[in-house]
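First, one chain by itself: the form predicted on its own, in structure tokens.
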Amino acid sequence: MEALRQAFDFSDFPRTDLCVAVAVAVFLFVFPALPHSSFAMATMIQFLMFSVYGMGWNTIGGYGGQVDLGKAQYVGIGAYTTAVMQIRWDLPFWVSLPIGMSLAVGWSFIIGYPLFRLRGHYFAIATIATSLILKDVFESWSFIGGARGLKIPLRAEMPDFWFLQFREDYYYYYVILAFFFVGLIYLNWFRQSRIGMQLRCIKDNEEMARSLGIDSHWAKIKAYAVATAFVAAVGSFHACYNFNIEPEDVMSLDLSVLIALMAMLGGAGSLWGPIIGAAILVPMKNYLGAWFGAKAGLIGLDLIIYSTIIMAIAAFEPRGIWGIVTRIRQSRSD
């Protein structure tokens, strides 16, 4: 009961923040009923997916201070588990989802133990290496389609909630919206939990944390497993939403970097940071890419624009957009 109370306890946030959060939640609930295009719906679904990706990354990267650039490997494990189980054994999404999460978490424990012997940029480079190695394995593994990937066949009767196959995108929207709110509530509990407090202490001063009796190595591994579960769950959803998956789509380095950027841009180590980052980067990436991509000679200009914005914010406030908001509030209170 205490954990449940913590999960729903937002009392430490200013009333203004809570009012904005409620307004955003209402908007997300009613969005499918508002006038919108199919492109806008796809963008909103991607925003929710990357918000959950960012929440997961935030547990280890934000609160733990460990820059993980290999999260795409767990997206791939979740996505391929769901695809293989639906194609080969006709098992529904809700069965493959926990299995994919378990396999991903198991892999995170296997590689996490040696990885967290490393620190700083050595750790970041090692996460990239493990992700690229696993991607190469998947590309040469014929059982899961190799580099061509897998295509989940359409079922005769739709909508099919058990296999997560729908003709209308708003069904997918509400499924990932449920993931979004579950992730947000869990992250709110996590930041106030014992492991969350330990990670903050480790981030500030690992040697001091050890002197206080905190097992920093084990705390990082547990946080890494939590982050992995978040990412693998959305990976399973990704497989059903796109039907066709391949290693380059779900396990690329670009995806790993983008997941980290979402959280860091919005504000790593804050509850709202990953959501803010996804709300900025996903629409910018989609709409600028579509706009500039349609004009000859301007392909790639969208990447330059949002990369410049990210660098400017990082130079001004390393804590991201939420850090800027916090700084403004402090200056006003002074």
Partner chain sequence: MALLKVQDLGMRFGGLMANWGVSFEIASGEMVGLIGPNGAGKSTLFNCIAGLYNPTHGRIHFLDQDVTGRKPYEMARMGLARTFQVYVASGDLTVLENVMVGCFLKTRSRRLAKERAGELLSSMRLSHLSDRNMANLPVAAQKRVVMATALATEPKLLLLDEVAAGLNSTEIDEMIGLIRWVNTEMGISVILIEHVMELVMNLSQRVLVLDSGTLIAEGEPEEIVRKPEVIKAYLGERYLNEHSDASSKGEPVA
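Predicted, not measured: the structure shown is a model, and the values here were computed from it. Positions refer to the first chain, counted from 1.
Beyond the structure shown, there is the form predicted in complex with the partner chain, which is absent from this document and is the topic of what follows.
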Exercise. Counting only non-hydrogen atoms and a 4.5 angstroms cut-off, does R155 reach the partner chain in the model of the complex?
Worked result: no
For this session: Determine whether any heavy atom of D215 comes within 4.5 Å of a heavy atom of the partner chain in the model of the complex, and answer yes or no.
Result: yes
For this session: May I ask you to state whether S96 is within 4.5 Å of the partner chain in the model of the complex, using heavy atom distances?
Result: no
Exercise. Is there a heavy atom of C201 lying 4.5 Å or less from a heavy atom of the partner chain in the model of the complex?
Worked result: yes
For this session: Could you spot which one of E207, D254, D90, E168 gets a heavy atom to within 4.5 Å of the partner chain in the model of the complex?
Result: E207
Problem set entry | Contact residue in the model of the complex, from A147, A124, M197, I185 (heavy atom within 4.5 Å of the partner chain) | M197
Exercise. Counting only non-hydrogen atoms, which stretch in 104-112, 174-182, 188-196, 81-89 is within 4.5 Å of the partner chain in the model of the complex?
Worked result: 188-196
